[in-house]
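Two forms, one chain: they're shown below as structure tokens, one block per form, named structure 1 and structure 2.
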Structure 1
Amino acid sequence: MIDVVLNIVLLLFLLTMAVSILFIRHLMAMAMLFGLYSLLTAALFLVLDAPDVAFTEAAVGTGISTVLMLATLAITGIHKEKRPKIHLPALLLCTLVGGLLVVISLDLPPLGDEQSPALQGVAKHYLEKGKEETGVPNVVTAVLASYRGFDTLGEVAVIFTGGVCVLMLLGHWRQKPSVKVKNKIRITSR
């Protein structure tokens, strides 16, 4: 019962953050709300017994993304110029794709269905023997840290490399202080 109440409270906080992000005009506050949204999402994953996903969300979503947003704001400014107009073709395309995704999701097997295609084959082996072979009680953590450890390491290396590249790009755009030169004569040819 307490898990259901905690899930509902976290969901309400997430909805509050999402609506606040939509209507706020101060970009620094928006970046902070994005960080808080990611932190709440990490807490929700932790409540759902997925500590590895929660850790990734906390590190990437709350940590790196917030730092990158704040670095970008330090370079570009913290206020929006004006409220953008609604782009009708983009709104139509998003509505169409969203509706298509809802229609497609109706064809998915019910949650927890033992006959679903995802639970056949190798997933069945992971569920039945994962704890015995790895010693990790959480199946998701066992798959990511043990069975697919090198793949997870590669993904983390790619994310780290991408973050470093973005930081390098943001650092490259900083304006350098201008140097005043006294008594310099320019010779121009005609």
Structure 2
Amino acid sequence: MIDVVLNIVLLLFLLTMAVSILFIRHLMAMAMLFGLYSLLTAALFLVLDAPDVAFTEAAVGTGISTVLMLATLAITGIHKEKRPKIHLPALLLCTLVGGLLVVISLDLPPLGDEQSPALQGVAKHYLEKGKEETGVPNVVTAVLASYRGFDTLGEVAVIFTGGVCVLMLLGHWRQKPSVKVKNKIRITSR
């Protein structure tokens, strides 16, 4: 029972955070709220029995992501958002997609259902044979590193790509001052 209550309360907190991130105009404060938001998400992951995901979300979402956002704010030095307008088409679209999702969700097996196909499928094999076949008691690790190790290689490639892209965008290139001035003119004159 405790987990259900925790689940609902945390979700409500999360919704409050999301709404306030949407509406707050002070960007620095938004970054703080964003950190809180992912902290709550991580706690929620834990309540939903996913400690590894909670671990990652806490490190990556709360830590890196928030710090990156703060760093962006610190570099740009912009702290206020302009007053936003209500966007009717977007509102309409969201209602539509949300309605569609709610309709689909009624067909989904309820939370924690034993009979859901997801639990009967591949996952069952992982839980029953995982330790025997890979020798790792943490099934998530076993699947991540062995059964679906190629995804993890892809993940590494994604990080690498992201790093290369950020370097390409921000790396401080050795440029003599005169060249830099020329570059600036080139960038702004078109």
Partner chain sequence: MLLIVVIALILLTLALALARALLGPSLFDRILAVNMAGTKSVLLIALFAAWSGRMDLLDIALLYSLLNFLAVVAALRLIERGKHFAYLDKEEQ
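Residue 1 is the first residue of structure 1, and the numbers go on in sequence order from there. Basically, rigid core = biggest C-alpha set you can superpose within 1.5 Å across the two forms. Computed from a predicted structure; not experimentally measured.
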These are two forms of one chain. I'd like to know which is the form predicted together with the partner chain. 2
Inspect the rigid-core superposition and answer whether the C-alpha of residue 32 shifts by 2 angstroms or more between the two structures. no
Core fit, then residue 14 C-alpha moves 2 Å or more between the two structures: no
Threshold 2 Å Cα movement between the two structures for residue 126, core superposed: no
With the core fitted, just quote the Cα shift at residue 159 between the two structures, in angstrom to one decimal. 3.9
Quick one: how many Å does the C-alpha of residue 150 shift between the two structures once the rigid core is superposed? 8.3
